[in-house]
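One chain comes next, on its own, written out as C-alpha cells in the form predicted alone.
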Amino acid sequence: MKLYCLSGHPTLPCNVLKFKSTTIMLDCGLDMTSTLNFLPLPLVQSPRLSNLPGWSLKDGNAFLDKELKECSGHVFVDSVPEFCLPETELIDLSTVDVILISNYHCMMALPYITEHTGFSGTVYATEPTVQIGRLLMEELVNFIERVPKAQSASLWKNKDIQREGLCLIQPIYRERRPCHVLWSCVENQIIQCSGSQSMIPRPAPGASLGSLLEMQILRPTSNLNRKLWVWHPAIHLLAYPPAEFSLVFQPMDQASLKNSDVLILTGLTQIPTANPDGMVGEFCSNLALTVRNGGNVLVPCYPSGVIYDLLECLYQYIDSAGLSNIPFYFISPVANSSLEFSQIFAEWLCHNKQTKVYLPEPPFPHAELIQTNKLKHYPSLHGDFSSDFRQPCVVFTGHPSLRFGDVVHFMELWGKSSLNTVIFTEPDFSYLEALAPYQPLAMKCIYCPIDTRLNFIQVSKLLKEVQPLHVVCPEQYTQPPPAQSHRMDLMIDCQPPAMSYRRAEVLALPFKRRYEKIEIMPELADALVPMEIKPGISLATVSAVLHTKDNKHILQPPPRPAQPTGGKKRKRAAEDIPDCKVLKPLLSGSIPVEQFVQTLEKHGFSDIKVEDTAKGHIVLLQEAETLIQIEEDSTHIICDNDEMLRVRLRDLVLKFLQKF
C-alpha cells in the first residue's frame, strides 16, 4: 500500500492511497495562501494601489515594474490571484477510482481534478459538504470575475528572476474557466452520503470497493461537514479521522478507530496555543470596545463555519453589552443561501439543537437576529446595502485573505481611521501578510484566531485511547512550530514514531494483505449444512465457482448440467455430461495417543511402543512391523505390502476424527 502526498498544506490535504488495483484520493484541498503574494482586487479603482512603485532587480533593471509592485518593503504581483494546486504529475490521476471529501474546505480543488486529469470515478461527500462547498466556489468565482484584470503577469515566474532574490510563490497554475461552470460537471459525480443519529454502515450504494475495503462514515463534528472515514480491508483497519470539534455538533465515536493498522492524521489546529473559547471572548470584547467609541468593526470571514459560532455568541452578548442598536451586516454573494442551509441540516448537529427543530425553532439563533433586523445580509455592496448602510456597524464579509471580495473595499474605506478595527478570526492566512498591501494602516488590527480543530493534547489523548499500530501525518506535526521550537508538546509524540510526509513524496505504508474478503450468494448460503467441530466453531463444505472482477470476489453456485433434449440427440447429450465425482469427506479433530493405544490393544495388537517427536508421535507396532506417524496436520500408516492391515488401522484412526 502506497500513499502519494499531493499537497504540502497540512490542513488542506490531498493524498492518494493506492492498494492493488484500487486508487482512492483523500480530500482535494486548494492552497490559497499563494494569493497573499498578489495585490488586492478593489471593486472600484484605487489610486493608492494604482500608484504603487514598480519593483526592479538588484542591477536596476526595471522590466518587471508593470508586473511587480512594492508596498512598505513587500513585493506583490499585479495580476489575477493564482492558487497552488495539488501535484498532478506524481501519479496518473485518471486512475483514481474514488475521491473522499471530509469537509467543504478540502474540496475546492475538485474542479481542477475532475475536469483536467481524465478522472472518471466517483466523489463521496455528505450533503452539507456538497451544498456549502458549492457556495464557497460560487463566492470565490464571483469575487474574482467581477473585478477582471486587464493584464496577466507571467515574467515574474522566470527562474533567473527567482534567483535574483525575489522569494515569491513557486510557479503555479491558474484555471481561467469559471468554477461554477466546472461545478456542474463535478456535481454529477458526487454521491451525497446521508446520515442519521448513529453510525452509517454504508454511505451509499456502491460504497464497497470490491474486496479491498468497505467504507464507514461516522458523525461529522463541526462546520456541518466534518466526518470520519473508516475503511475495513478484511481484518485490517485504515482510518482517516476528522479534524474539527465544536460544542454544538455531535461528538465523534472513537470506537471504530481502535486498534487501527494505520491512522492518517491531517487538519490539526493551526494555532495550537490559542483557546477557541478565549478567542471568542476576546472577539466580543474588542468588538464592543470599538463600536462604543464610534468605530466600525470589519470581520474578514468565509460565508460558512466560524461565522455561525460568532453570530450565536453575539446573540447572547449584544444586549448585555449595550449593542442592541448596532447593525450587523453579512455581505456575500451566497449570504442568504448560507444562512438558510445552516438551519436545515439539523440531523448533523448535537441533540440540543436537533430538538429545537421539532418545537419548531431554528437550531441557530441568527434567524431571530434577522427577524429583529439586528442582522442584515446582502449579496454585495450595491443595491439595498447602499441605502440601508449606517455607522457605526459590524460587517462580516470575505475574503479572509483580504485580496478579493467586498472586504477590500472596506479596508480602503476604513483603513485610514484609528477608530475602526479589523478582527481576524480565520486561521488560514497570516494576518500580517494579509495586511501588508494596505500599509501604512491607521485602523486597529486584532488577531483572534478561532480554530476548533484537534489540538496536540487532544491528539495525544486520542492516540492513547485508540492505540493505532502506525500513525501517518504531515512533516509539520512531527516537530515544534518554528516560532516556538522549545515547545515539544506542540508536536505528535507516539510510539512507534509517526511516519511523516511532505509534498510530492510517496510513502510505503506498513500494511500487508493477509486475507481476501469473499461474498457468498444467498442461494449458495442456504444450501450449506454447518457441522460443529468444537464449541462455537462450525464448518461446512461448499462446491462453488469463484467469480473475481474489480477486486471483488463472489462465490456462486456451480452451473447445472444441461438438460438432455428429446429424440436421437438425447443419448449423445447425456454422454457429453461429465460424471460428477463424489467428494471425499473432510476430516477434523486430533488423535489422543493414550486412547488410541488402548484401542489398538483391544483389537489384538500387542508390543506397542510410543515415541515423541518434534511434530507429534510415532506409534510402533513391533510385532506387525508397522509404523503410525501422528502429526498435527497429517497421519501416516507405513506397513509392508499389507493392504488389509493398513485399512484396518485406518478405520481405527478414523474413529477419533469427525467427518463432514
Partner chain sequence: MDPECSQLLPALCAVLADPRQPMADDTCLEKLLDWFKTITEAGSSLLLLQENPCLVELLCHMLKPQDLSSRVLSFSLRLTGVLAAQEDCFQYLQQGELLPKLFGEAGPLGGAAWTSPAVRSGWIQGLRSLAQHASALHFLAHCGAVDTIFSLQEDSSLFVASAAGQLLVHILGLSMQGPAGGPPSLQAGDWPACAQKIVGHIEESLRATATPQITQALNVLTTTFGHCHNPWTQVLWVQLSPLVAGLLEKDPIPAAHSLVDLLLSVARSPGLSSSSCGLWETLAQTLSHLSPTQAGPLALGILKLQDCPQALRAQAFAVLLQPLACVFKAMAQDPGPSGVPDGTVGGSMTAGVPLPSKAACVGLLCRSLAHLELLLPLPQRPCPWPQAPLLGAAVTLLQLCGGSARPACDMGRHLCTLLLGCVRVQRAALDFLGALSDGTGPRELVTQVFAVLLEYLRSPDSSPTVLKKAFQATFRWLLNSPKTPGCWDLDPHALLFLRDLLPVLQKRLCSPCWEVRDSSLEFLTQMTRHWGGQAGFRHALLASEVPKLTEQLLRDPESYVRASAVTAMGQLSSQGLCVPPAGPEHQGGQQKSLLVELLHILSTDSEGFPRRAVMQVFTQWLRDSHADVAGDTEQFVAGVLQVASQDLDWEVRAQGLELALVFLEQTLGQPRSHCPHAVTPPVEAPVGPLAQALQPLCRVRLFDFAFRALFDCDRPVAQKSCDLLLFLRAQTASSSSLQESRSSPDVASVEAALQRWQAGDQAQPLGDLEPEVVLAVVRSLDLEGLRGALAESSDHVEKSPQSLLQDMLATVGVLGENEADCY
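Numbering follows the first chain given and starts at 1. Bear in mind that the values here come from a model prediction, so they are computed numbers and not experimental data.
The form predicted in complex with its partner chain exists for this protein as well; it is not shown, and the discussion that follows is about that form.
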{"query": "Partner proximity in the predicted bound form: Leu469 to its partner chain, non-hydrogen atom cutoff 4.5 Å", "finding": "no"}
{"query": "Thr273 within 4.5 Å of its partner chain in the predicted bound form, heavy atoms", "finding": "yes"}
{"query": "Partner contact for Ala483 in the predicted bound form: its partner chain, 4.5 angstroms, heavy atom", "finding": "yes"}
{"query": "Contact label in the predicted bound form: Asp489 to its partner chain, heavy atom within 4.5 Å", "finding": "yes"}
{"query": "Proximity to its partner chain in the predicted bound form (heavy atom, within 4.5 Å), stretch among 585-593, 533-541, 283-291, 363-371", "finding": "283-291"}
{"query": "Partner-contacting position among Pro497, Pro559, Gly383, Gly278 - heavy atom within 4.5 Å of its partner chain in the predicted bound form", "finding": "Gly278"}
{"query": "Contact residue in the predicted bound form, from Asn325, Ser387, Ser320, Ser154 (heavy atom within 4.5 Å of its partner chain)", "finding": "Ser320"}
